[in-house]
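Before any questions on how it binds or moves, here is one chain, the form predicted alone, in structure tokens.
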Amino acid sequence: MSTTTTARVTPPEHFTREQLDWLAWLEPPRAQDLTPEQIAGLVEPKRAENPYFRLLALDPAVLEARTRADLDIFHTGARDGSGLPRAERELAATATSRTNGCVFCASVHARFAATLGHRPEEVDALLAQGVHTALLEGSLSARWSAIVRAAEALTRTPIAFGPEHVAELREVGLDDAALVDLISSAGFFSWANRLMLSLGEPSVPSVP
């Protein structure tokens, strides 16, 4: 991932599962200049490689709270099979990011959803067609359609989500824990997209 604000931006032409750079509009600290408090705020030291997290490390306490919430929402219960499977939490994040227009976030979570869910064709259709068309065209399975429809409603405005979404999700097999995981995944990325879209922009990696 590129780390400089002066690098030439090549905007991606469409939503993609390909790896993208992200260029900050504010200069993030260099990894070697991070303070012990900022490194602690990263939670995972490898995140120092990422300019987005180094930028957020300017407020290490908030970054730490944000990262621990992120990890809890996407991993708690997913490894032992309780709640919503990780692939479908990533699907909700992809649908949210596609709705919000966050190309970078959509690329990251689409890769996880496609790989973990073993359904790259459906993920690619969601990215290419957008939420409404993918649902209208029947490009997604019944279960993934219900998840995407609920995530999109929560993203547009929380009051658009209602009992009809809960009923549809229950019909395709989601229990109470899975419902909470879905709502948390979409809710978290409804906020995270806005933060990332306000601090920089995606770019196609330059060819060496």
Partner chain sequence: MSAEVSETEVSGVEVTDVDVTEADVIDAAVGIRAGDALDAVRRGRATAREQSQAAHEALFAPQPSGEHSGDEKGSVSARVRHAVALFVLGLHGTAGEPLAAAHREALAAADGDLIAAVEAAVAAASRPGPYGVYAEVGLQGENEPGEVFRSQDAGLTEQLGAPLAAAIDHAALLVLRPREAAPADLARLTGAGWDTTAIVTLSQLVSFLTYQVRIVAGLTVLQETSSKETHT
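Basically, rigid core = biggest C-alpha set you can superpose within 1.5 Å across the two forms. Positions refer to the first chain, counted from 1. Keep in mind that what you see is a predicted model, and the values were worked out from it rather than measured.
Beyond what is shown, the protein has a form predicted in complex with its partner chain; the following relates to that form.
**Q** Run the contact test on Val9, Pro120 and Gly138 with a 4.5 Å heavy atom cut-off to its partner chain in the predicted complex and return yes or no.
**A** Result no, not one residue of the spot touches its partner chain.
**Q** Closest heavy atom of Leu26 to its partner chain in the predicted complex, within 4.5 Å or not?
**A** Although its partner chain is absent here, Leu26 would touch it in the predicted complex, with heavy atoms inside 4.5 Å.
**Q** Any chance Leu56 has a heavy atom within 4.5 Å of its partner chain in the predicted complex?
**A** The answer is yes: Leu56 has a heavy atom within 4.5 Å of its partner chain.
**Q** Wondering, does Leu179 line up within 4.5 Å of its partner chain in the predicted complex on heavy atoms?
**A** Taking the distances in the predicted complex, the answer for Leu179 is yes, it comes within 4.5 Å of its partner chain.
**Q** Although its partner chain is absent from this view, report whether Glu64 comes within 4.5 Å of it in the predicted complex, heavy atoms only.
**A** Although its partner chain is absent here, Glu64 would touch it in the predicted complex, with heavy atoms inside 4.5 Å.
**Q** At 4.5 Å, heavy atom to heavy atom, what parts of 99-115 sit next to its partner chain in the predicted complex? List them in sequence order, or say none.
**A** Heavy-atom contacts within 4.5 Å come from Thr99, Asn100, Gly101, Val103.
**Q** After the core is matched up, is the C-alpha of Gly162 off by 2 Å or more between this form and the one not shown?
**A** No, because once the rigid core is superposed, the C-alpha of Gly162 moves less than 2 Å between this form and the one not shown.
**Q** Closer or farther: the CA pair Ile159/Cys102 in the predicted complex, versus this form, with a change of 3 Å or more?
**A** Closer together, by at least 3 Å.
**Q** Are Pro158 and Gly117 closer or farther apart at the Cα level in the predicted complex than shown, by 3 Å or more?
**A** Their C-alpha distance grows by at least 3 Å in the predicted complex.
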